[in-house]
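Take a look at this single chain in structure tokens; it is the form predicted on its own.
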């Protein structure tokens, strides 16, 4: 296959020196090396990339030997993290065809087609064809100062289109997470999706069940904490992939008209905080995503005559236990989610004996914001929100108390001293 090669047509000042230095050093030692992937795509779109990857003909061991302080990571897909000052550059060896694998230590596929191990090395052309999307398969050669394109990625960038390289169903079976990546890039770039690439998303959605829950949580963080959570949620809710990720949410989100607006508002607020450089937590988003299931379970529990607060606690625990079967939510976030839900019931008791003490709870502000979203979406809690809004205006010292809580260092648990064995 003959590539399209064009002169560099992006601002070289937006390309990190660290990535160029890594590629240049590999070239100086006789290896092929290029800056590759999303960074080149973003540079061509006039954006400033944050992360830079390098692809090379050198093996992971050869890269590791060349750069002091580097380390080889991954088993299924080996890469090398090269530290250059404060930057970490991910260096991958050109990937080859699985048919060229010598044994199962380098390549292995499951019965469904999913790649269990992917360390077959090849050529630059083979590496380009093995990448996921055409717009991510562009290579910058710092020696010749040119861009190399084997997959018509340049045409797709001009057309603002996302296209899977090769047969979409086969590529999704190799790694079902690619479906989430396609939608994540659609939300980030605002591109359309090529027809076959889009059609296979629906057909292959159940394949996500094969992905470990811990990896799906990592994908959740990449998708929803990158400043594009709102468009991504709107896209995912129109596909079967939402059902695969959050079955409880998918089952209940259409029951009441205010559930979906509340979820979208939570996503939009998170995007605003990220763009403003403010801290965010996945616990708040996950609490909003699973709220329809919690609210419906609570409604049934109250109808059975269960006390409100114990009912909320038991329902919240049940919803989280079901959720972590699909997306492995770490305990530190699931605890915060339950606290936000529990405080929804307690905030409704506006005549607290000690409201000032209650408002100093470490999760009060998150619970108040959550309650405000519910009111904004049309739930009948506006009177409660107004009461607490006025209360906080009357007690400005609460804000300084919250800042003090955020600034307090976390206490480290001291390990007990090791006992020496008796001689």
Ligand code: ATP
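Positions refer to the first chain, counted from 1. Keep in mind the model is a prediction, meaning the values are calculated, not measured.
One more form of this protein should be noted, the form predicted together with ligand ATP, which is absent from this view; the next part is about it.
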Problem set entry | Of 156, 132, 194, 141, the one that lies within 4.5 Å of ligand ATP in the model of the complex (heavy atoms) | 132
Exercise. Ok, 244, 175, 271, 248: which has a heavy atom sitting within 4.5 Å of ligand ATP in the model of the complex?
Worked result: 175
For this session: Heavy atoms, 4.5 Å, ligand ATP in the model of the complex: which of 329-337, 263-271, 286-294, 132-140 makes the cut? Say which one.
Result: 132-140
For this session: Could you confirm whether residue 64 comes within 4.5 Å of ligand ATP in the model of the complex, counting heavy atoms only?
Result: no
Exercise. Residue 386 near ligand ATP in the model of the complex, any heavy atom under 4.5 Å?
Worked result: no
Exercise. Is residue 51 a contact residue for ligand ATP in the model of the complex, using a 4.5 Å heavy atom cut-off?
Worked result: yes
Exercise. Are any of the heavy atoms in residue 42 no more than 4.5 Å from a heavy atom of ligand ATP in the model of the complex?
Worked result: yes
Problem set entry | Stretch 173-204: residues contacting ligand ATP in the model of the complex, 4.5 Å heavy atom cut-off | 175, 178, 181, 184, 185, 188
